[in-house]
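Given as structure tokens, the chain that follows is alone and in the form predicted on its own.
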């Protein structure tokens, strides 16, 4: 399986603060209550021991969930979850008790940012050599973009799992066939774990069938879940949405891992203060956990905290703000408190194009949120302009930066055996006339454990960073795709209705 980054979680919150947030969340659920839409979610919560108040006036029913029910539900949910992959070497093991950080892509951007490099002549020097600068153009994403991005992601060594970063907007994509095509386009082009939400519950069984065919059968799919689901069960503030809840319940009853995702916006749909934000999103996710365990005891669920902060001038999400990382890190700690695997967010920039702003905003949350010990850190590759744009060159840059961060987070190699080796090496050097450690440095370098420098370091005037990034993007895109075997592709196409013929033919 993929190694991930083992982390000793950085404690942003002390134990007293964790207890205060827990108490606030319990009061929200038991006293304020949560509004629930839909007959089946209401019946499940009521039968589990929640109190349903009032009558539906078009705004749902108020449901109050006691602390005992919350804690009992948390105990039923597994603290360790396995996410499979087409290539078993890409399996992920999510553990709340011994967290390893895995970085993945995410969002469903509407726009694909194309990068071109153009040569410009310095003003006033008509005969001098030109300088190369990047130019950018944005367009709507399509199915082929998703295929290309999955193929690119398959080759990025620091990308551990895949959530489609492109919204497919082709003319032949409809509400009825969108789900099966986005899953097939991803699974056919990447050998890593694929995670996504679904928009049409009627397509749920078709997607499960696809996963079973690719895994090799029903039991094989259960043992090696090559795909999993994301369900935004709650709509902030404090509402359980019927269609999203039903999609989660379907996954629960099939034993398929599902992220219970909540993404309130501090300053509009949630309090902007850290304690208010974390207390409320914690309550929302725990309500989803209660519902999942009422549907299927022991259902594998992931604590999906994606808190964001509003810009105060236009109420857009502001991912580059320090509060974004603070919210996410505190939520990771709360998931550990309940013993639940966590899915969090980091690596998004508010910048429109690659550059200094994007690098700073992304790298800070890539590092800071990971230090909390989140299991799945999504949004980490290629996202710009909040989560509205995906850029493959930015994904290449993010891969390099995450590689540096993974190196920073590595556990120290310090033990008794190594101590003797180090002392022996120092003695030899001090007995030599040169007193230089170059020989041991060469051995360490050859071991592959040494950071060799920024891969896109600029040099001569025309040899700038974006030129190298563009060349690397084109090189990776031109590599042969790791598609499903032809017989599997045909079986999926014949048994799963709605897949575009051109995807199989290509």
Partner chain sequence: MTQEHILNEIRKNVIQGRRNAEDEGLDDELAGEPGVEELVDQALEQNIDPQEILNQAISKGMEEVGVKYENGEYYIPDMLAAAEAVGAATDRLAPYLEQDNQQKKGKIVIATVEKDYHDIGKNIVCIMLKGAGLEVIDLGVDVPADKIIEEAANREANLIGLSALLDTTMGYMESTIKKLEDKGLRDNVKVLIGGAPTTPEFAEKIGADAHCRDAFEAIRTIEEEETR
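Residue numbers count along the first chain shown, from 1. Remember, it's a predicted structure, so these values are computed and weren't measured experimentally.
Just so it is clear, the following notes concern the form predicted in complex with the partner chain, a form of the same protein that is not shown.
Asker: Would you mind picking the one in 479, 447, 438, 53 that has a heavy atom within 4.5 Å of the partner chain in the model of the complex?
Answerer: It is 438.
Asker: Within 4.5 Å, heavy atoms only, one stretch in 346 to 354, 160 to 168, 424 to 432, 68 to 76 touches the partner chain in the model of the complex. Which?
Answerer: In the other structure, the partner sits against 424 to 432.
Asker: So, in the model of the complex, is residue 443 in contact with the partner chain at a 4.5 angstroms heavy atom limit?
Answerer: Although the partner chain is absent here, residue 443 would touch it in the model of the complex, with heavy atoms inside 4.5 Å.
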